[in-house]
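Read the single chain below, which is given as structure tokens and is the form predicted on its own.
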């Protein structure tokens, strides 16, 4: 069973600085694997451990991807091979550009049984890349996947929706976006960290994909700002439930909420 797992590097939230004007500074941020993609990586590794095969990790983005620490981090989590499309033309890429670049990279990787992605990215969380990737590849594509098993060349999956859980049989190859409920990612052992440095890493640019002329970005990010901070009123309401309810209504009316 050959699985491609897509992941994204995002700024570490602890390193993000909100400036007085509300703008966001990433100048000192370390770039780490998106939390949602950690579940996708773990799901891929568990499937291969149970059924044999290999896991190919794939990511596209600017020069931060080439960071040796970031490469070792993803490989120490179980993937057998790492493929990167590193190009500053992908800086601030929208979901369409990201999906089209991933599709071009997948075409170079050859045969596979399954592509896994996280349900969204930890920075923008558009929840679109996996769906667009599947459409571009013309494959069965599902989101909200909370369970996946491999049996007889087919995928048995569960989709956790708002009021129900769907059980589906999906033909391979397919593209699945997994939820955060699917597993608990493992922490790499020292042995896996040491092994990571010996695993193969292949780096491409947009030019290597021979489709760079058709990868124009469609959406431009004009600005990113932190939410306006509002000071709490710090009003404490005490008394019997009926009295507290009336007091709360009075405060809300005074603030113009009611």
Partner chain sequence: MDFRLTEEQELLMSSLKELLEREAPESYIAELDEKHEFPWKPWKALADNGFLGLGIDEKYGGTPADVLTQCLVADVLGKYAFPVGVIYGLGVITIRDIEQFASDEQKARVLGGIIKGEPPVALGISEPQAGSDAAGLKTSAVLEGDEEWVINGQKIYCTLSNVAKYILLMTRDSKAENPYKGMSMFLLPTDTKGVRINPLPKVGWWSVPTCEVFLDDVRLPKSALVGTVNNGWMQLMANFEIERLILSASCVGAAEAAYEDAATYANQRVQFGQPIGNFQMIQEKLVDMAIKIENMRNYYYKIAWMMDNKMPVRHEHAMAKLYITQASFEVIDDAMQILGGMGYMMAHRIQRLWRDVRVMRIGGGTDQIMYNIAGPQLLKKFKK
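Residue numbers count along the first chain shown, from 1. This is a predicted model, so every value here is computed, not measured.
Not on display, but discussed next: the form predicted together with its partner chain.
- With respect to its partner chain in the predicted complex, the three residues 245, 248 and 254 uniformly fall beyond 4.5 angstroms at the level of their nearest heavy atom.
- Of the candidates 202, 26, 193, 50, 193 is the one whose heavy atoms come within 4.5 Å of its partner chain in the predicted complex; the others do not.
- Heavy atoms within 4.5 Å of its partner chain in the predicted complex are found in one stretch of 91-99, 124-132, 172-180, 71-79, which is 71-79.
- Taking the partner from elsewhere, residue 151 is found to have every heavy atom lying beyond 4.5 Å of its partner chain in the predicted complex.
- Residue 167 falls outside the set of residues with a heavy atom inside 4.5 Å of its partner chain in the predicted complex.
- For residue 120, no non-hydrogen atom is located within 4.5 Å of its partner chain in the predicted complex, even though that partner is not displayed.
- Taking its partner chain as it sits in the predicted complex, the stretch 164-197 comes within 4.5 angstroms of it through a non-hydrogen atom at 184, 185, 187, 188, 189, 190, 191, 193, 194.
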